[in-house]
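One chain comes next, on its own, written out as structure tokens in the form predicted alone.
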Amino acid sequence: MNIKPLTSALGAEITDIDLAVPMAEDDWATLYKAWLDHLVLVFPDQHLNPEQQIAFARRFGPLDDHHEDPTYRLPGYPEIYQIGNFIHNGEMAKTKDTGRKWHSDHSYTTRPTLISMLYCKKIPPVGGSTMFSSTYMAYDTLSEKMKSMLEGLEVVHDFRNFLSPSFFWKPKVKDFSSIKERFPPVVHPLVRTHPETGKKVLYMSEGNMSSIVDLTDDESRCLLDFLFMHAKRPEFTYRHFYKVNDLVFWDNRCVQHYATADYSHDANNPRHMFRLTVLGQRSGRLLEDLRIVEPVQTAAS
């Protein structure tokens, strides 16, 4: 197994390994340590069938079966969810714009994702990349005064925030009531300690973070805007340009990521990924548990 760091912040390419073959315990220990050290691992030219993908991912923990959104599950393999601009049942897949804001997967729930794993099936001739940022570095490079101020703060993560329009992301959702019923806002600490490395981390998920508990709207927006810009500084990032049969996975506890719209979105140039999701530990709590009531909209307002 050869491990080559890709940037000083995060990312490593792993070669001379075949993930289709059951791994010896010492090799598994080496790989697991590389994941904790480098946060994002890239395995080029892996030829894996669905059973082999699932078997490898399951070594990290239980897998999501995507029962809440079964439309794009790979037939016969509920653990594999298909994302991209590919044709599904005669029309463009609605997952074509998945990940168009910086985020950590499922931070809007009380069971955020541990690992997200993408296996590249098709990629456009140009673009189709994913950007990653180390939220270890985002925390480490803050001043001691700022670290002290952020300690103990809690942030509201709201899925509706992710669905607000942005430059390349213009969803057509108009009625948010069903979304709020399925995914009510949750609260997570802004500064956390990684349970395996013991390092402090900013828990960043820009697309889902809406406000800071107990701060005014102006205070909250000012601080969040600074943290959003700070956490994606170029020196904290790695950008992966896929090739077919690349397998890439990352630690959502200390990484946020962003699927760039840097390619033609027509069906003749598909970006088609198989995604597996390793479930994380339960954390955070529902916003309603804080006894915070959202303002009531009246006709006058």
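Residue numbers run from 1 along the displayed sequence. Model, not experiment: these values are computed from the prediction.
Keep in mind the form predicted in complex with ligand SIN is missing from the figure; the text below concerns it.
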**Prompt:** Is residue 209 close enough to touch ligand SIN in the predicted bound form, meaning at least one heavy atom pair within 4.5 Å?
**Reply:** no
**Message:** Contact with ligand SIN in the predicted bound form for residue 188, defined as at least one heavy atom pair within 4.5 Å: yes or no?
**Reply:** no
**Message:** I'd like to check something about residue 158: if you look in the predicted bound form, is any of its heavy atoms closer than or equal to 4.5 Å to a heavy atom of ligand SIN?
**Reply:** no
**Request:** With heavy atoms only and a cut-off of 4.5 Å, decide whether residue 80 touches ligand SIN in the predicted bound form.
**Result:** no
**Region of this chain that lies against ligand SIN in the predicted bound form, out of 91-99, 196-204, 222-230, 137-145 [heavy atom, 4.5 Å]** = 91-99
**Prompt:** Heavy atom within 4.5 Å of ligand SIN in the predicted bound form: which of 259, 57, 39, 248?
**Reply:** 259
**Asked** Out of 92-119, which residues reach within 4.5 Å of ligand SIN in the predicted bound form, heavy atoms considered?
**Response** 98, 99, 103, 105, 118
